[in-house]
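Listed next as structure tokens is one chain, alone, in the form predicted on its own.
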Amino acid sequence: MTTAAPRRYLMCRPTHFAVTYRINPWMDPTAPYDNALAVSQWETLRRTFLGLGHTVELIEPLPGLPDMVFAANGATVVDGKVLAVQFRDAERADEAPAYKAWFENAGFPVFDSKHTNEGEGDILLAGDVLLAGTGFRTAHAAHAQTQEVFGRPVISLQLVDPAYYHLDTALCVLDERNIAYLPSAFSPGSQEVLRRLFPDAVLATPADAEVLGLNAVSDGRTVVLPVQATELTAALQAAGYETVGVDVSELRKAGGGPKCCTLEVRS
């Protein structure tokens, strides 16, 4: 476990949160949702990060983009460079230029994505390497561009379970040397890669993955994760991590958890 350092996060208030279309297995447009509850749960998450000593910056939510709250999909930011995104689904396409403009206005060099690429949803920094998911959203070809932009080795991982369509729903980077993940979300070859790279990984149960327990945010010492993921919480504590449970169950109706709401800005 590494020493926690203050992190810089970008978040988007779920002012316009709704579940009005279906682009992943979690979404049911016929089921009720509570926008006020989603905002309240998100605000608790934001305050949790502030309480841990992290910086939280905000991007303005835009009408008509109910999934813009899921800031992790807005970019990948490593070493002060930004790889912009290109969404698979038309419903989210207009989020991409909004996030790109935010980073350009903040003075970051921004590289346009040449392929479907959904940001930190599928590209996670783990020590010196980038773990990159493919199979449902981010195109495999985007992994090569990711390596060219950031100059860091990229490890491609094949996702096979539609419920875990983004890497950050099936795997959480805990610190520079370790991860937590759900083995069954990955192809056999990718499972073997993860076992070789992270022999001491924390393995999640299917029950905890089903409440998006792996969609968690770690600063290297404290892991912020859905309060419903009880077995994972215990496993993380046994491995020496501190945990903070949050309830973002309303946002889970659109397929998102703490990590989906949180884009790390690495200068």
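So that there is no doubt, residue numbering starts at 1 and follows the sequence shown. Computed from a predicted model, the values in this text were never measured in an experiment.
Note that the form predicted together with ligand ARG isn't included here; everything after this is about it.
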Quiz item: Given that ligand ARG is left out here, which of A185, C172, A72, V85 has a heavy atom within 4.5 Å of it in the model of the complex?
Solution: A72
Quiz item: So which of N24, T243, S249, T15 gets a non-hydrogen atom within 4.5 Å of ligand ARG in the model of the complex?
Solution: N24
Quiz item: Looking at 77-85, 99-107, 145-153, 158-166, which lies within 4.5 angstroms of ligand ARG in the model of the complex, counting heavy atoms?
Solution: 158-166
Quiz item: Quick one: is G121 in contact with ligand ARG in the model of the complex, heavy atoms, 4.5 Å cut-off?
Solution: yes
Self-check item: R177: touches ligand ARG in the model of the complex, heavy atom cutoff 4.5 angstroms
Solution: no
Quiz item: Is there a non-hydrogen atom of L10 within 4.5 angstroms of a non-hydrogen atom of ligand ARG in the model of the complex?
Solution: no
Quiz item: Can any non-hydrogen atom of D67 be found within 4.5 angstroms of ligand ARG in the model of the complex?
Solution: yes
Quiz item: Of 217-251, which residues get within 4.5 Å of ligand ARG in the model of the complex if you count heavy atoms?
Solution: none
